[in-house]
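This document starts with one chain, in the form predicted alone, laid out as structure tokens.
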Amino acid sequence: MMAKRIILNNLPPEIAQRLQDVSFSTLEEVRLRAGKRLALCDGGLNSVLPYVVSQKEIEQTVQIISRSSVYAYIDEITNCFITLEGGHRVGLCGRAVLDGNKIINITQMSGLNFRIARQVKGAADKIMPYITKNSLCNTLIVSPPQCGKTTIIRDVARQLGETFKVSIIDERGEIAAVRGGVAQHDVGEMTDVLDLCPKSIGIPLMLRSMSPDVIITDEIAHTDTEAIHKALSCGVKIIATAHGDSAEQVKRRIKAPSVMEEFNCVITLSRKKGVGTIESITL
């Protein structure tokens, strides 16, 4: 019920009223698109409600979620989202304002996606014995989108953060969901978070400043491999996620065999039997 309250409090009255009777127990997304019907995603299934969202309501919603101070959230906006209380996040779509190849603002908002966050404590229980085998294993969690990677790696951080010094490089702001300097999710008592920082920059920074036992990060790519290699050479363990259908696909895309071979625990997920289905564990 708390998720529903937070989402409805961040919507214009007319739209909130339309969602009063909607169950939020398994709801994943509420989408607003200017000139189109209000859309929901529940259990992976998309549907629409008989209510057309206006451009004015899109603008009103942006003012609500930014507390009427859009520029206070410009760092998040340039990453196409704003984080709400409770770790829920609103994806933003509109006209990108560029400075060279860098987005410096999003204007003329045309679509908003309220993604409902749920911390599932215990989500990583089945894989923790593999991650903690021989003290700690460098671990890569692979899956297509919406298969539970972030939920599981968040719980890995929470569990490891009770014993080890954990540093999270949260480039997309999804693992800890920091709002106003406070992580909206429980990511562990001994966990530090570097929010919205590229991994290639953030990993060396945390190595120098926080002396972590393990670094946890999301969606690694080829551009991150040098920083990951540096962490590994310092004896720091890495636990990361990557988009892909298989570990082999990820290895081909990242094109850094020497780094990929350091991940001595590779876990592949799907949603065949529900979000977070473990397809394979390779040690």
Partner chain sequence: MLQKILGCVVIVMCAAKIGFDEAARFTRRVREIREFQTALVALKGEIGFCKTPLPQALAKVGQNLKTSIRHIFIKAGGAMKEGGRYADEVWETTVSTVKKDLSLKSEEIYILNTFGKLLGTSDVVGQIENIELTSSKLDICERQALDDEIKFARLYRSLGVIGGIFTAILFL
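What you are looking at is a predicted structure, and each value in this text was computed from that prediction instead of being measured. Basically, rigid core = biggest C-alpha set you can superpose within 1.5 Å across the two forms. Residue numbers count along the first chain shown, from 1.
The same protein has a further form, the form predicted in complex with its partner chain, not shown here; the description that follows concerns it.
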Let me know the one among 63, 26, 223, 246 whose heavy atoms come within 4.5 Å of its partner chain in the model of the complex, would you? 63
Which residue among 97, 74, 128, 120 has a heavy atom within 4.5 angstroms of its partner chain in the model of the complex? 74
Heavy atoms within 4.5 Å of its partner chain in the model of the complex: does residue 258 have any? no
Within a 4.5 Å heavy atom cut-off, is residue 70 in contact with its partner chain in the model of the complex? yes
According to a 4.5 angstroms non-hydrogen atom cut-off, is residue 59 in contact with its partner chain in the model of the complex? yes
Among 166 to 174, 200 to 208, 152 to 160, 74 to 82, which stretch has residues whose heavy atoms lie within 4.5 Å of its partner chain in the model of the complex? 74 to 82
Determine, after fitting the two forms on their core, whether residue 10 shows a C-alpha shift of 2 Å or more between this form and the one not shown. yes
Please check if residue 189 moves between this form and the one not shown, taking a CA shift of 2 Å or more relative to the superposed core as movement. no
